[in-house]
Ligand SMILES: CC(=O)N[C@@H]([C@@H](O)[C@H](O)[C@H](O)CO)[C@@H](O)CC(=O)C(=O)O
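One chain is shown next in structure tokens, namely the form predicted on its own.
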């Protein structure tokens, strides 16, 4: 197990985009510069790879292995945490990816609920998670709750009941949902060594007030420097200053949503703001109209530079 695996996970974690060539093939050449950009420009030292932002469900198992291995290899000695999402519709595929993550030195794994044949109860979901975790018993394990995508609306507080008895490696939740009551009950009823990482970037401040240990999100790829200031302001008791930063991010995202903000738009925004060449998204996600990306970039600079 990597030494950092025993350290409680806190702070910002960027949910990384998967670099593609213009032809739609995995482009490993961009991963090294991507890592350097996160560290040097955004002050972000943790990554969550092959998740929703990384278009994991549009990748083959082989592609996910290649990507996970390259991220881990190039992050070694640079990043504090590499969390590999290994969730799949197939239990066997998920276990294969979990075992692979352990072999390549990932710091942790995460799993979202399967969403074609959905688990209908907390027991069914826990059983699925337990099976996946068993393939990498020494890696810290996180449940990735994202009901807007999976359609699995089982309260997380129910999933957590007795979960550590079934999964000794369980270490927390990536909570990408808007139900702050569920989130708060999870935090209040859980042991201190678990980490609760919030996944709705537009309302991170509210989650911090509810006890979030950190956050995993796509906007931390290009706005991590601003969110780091938000977290610092909150920790120092400067809530008004933290709120100002959160409101700025809400202004940007609200504007982007009117232009159809999705993974394709978000990826193009990252391309424009970072200077990296991450390529287009993979179908069925369609590329962002270039004019829309430029409008959002302009709005970004207006919100964070001019105001």
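It should be emphasised that the depicted structure is a prediction, and the values quoted were computed from it without experimental measurement. Positions refer to the first chain, counted from 1.
What comes next is about the form predicted together with the ligand, which does not appear here.
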property: Residue 268: touches the ligand in the predicted bound form, heavy atom cutoff 4.5 angstroms; result: no
property: Contact flag, residue 15 vs the ligand in the predicted bound form, heavy atom cut 4.5 Å; result: yes
property: 4.5 Å heavy atom contact, residue 46 to the ligand in the predicted bound form; result: no
property: Residue 125 within 4.5 Å of the ligand in the predicted bound form, heavy atoms; result: no
property: Residues 179, 187 and 212 all lining the ligand in the predicted bound form, heavy atom within 4.5 Å; result: no
property: Interface stretch in the predicted bound form with the ligand - options 157-165, 233-241, 134-142, 200-208, non-hydrogen atom within 4.5 Å; result: 200-208
property: Heavy atom within 4.5 Å of the ligand in the predicted bound form - the one residue of 257, 57, 28, 39 that qualifies; result: 257
property: Contact residue in the predicted bound form, from 216, 111, 75, 106 (heavy atom within 4.5 Å of the ligand); result: 216
property: Residues of 131-155 having any heavy atom within 4.5 Å of the ligand in the predicted bound form, listed in sequence order; result: 144, 146, 149
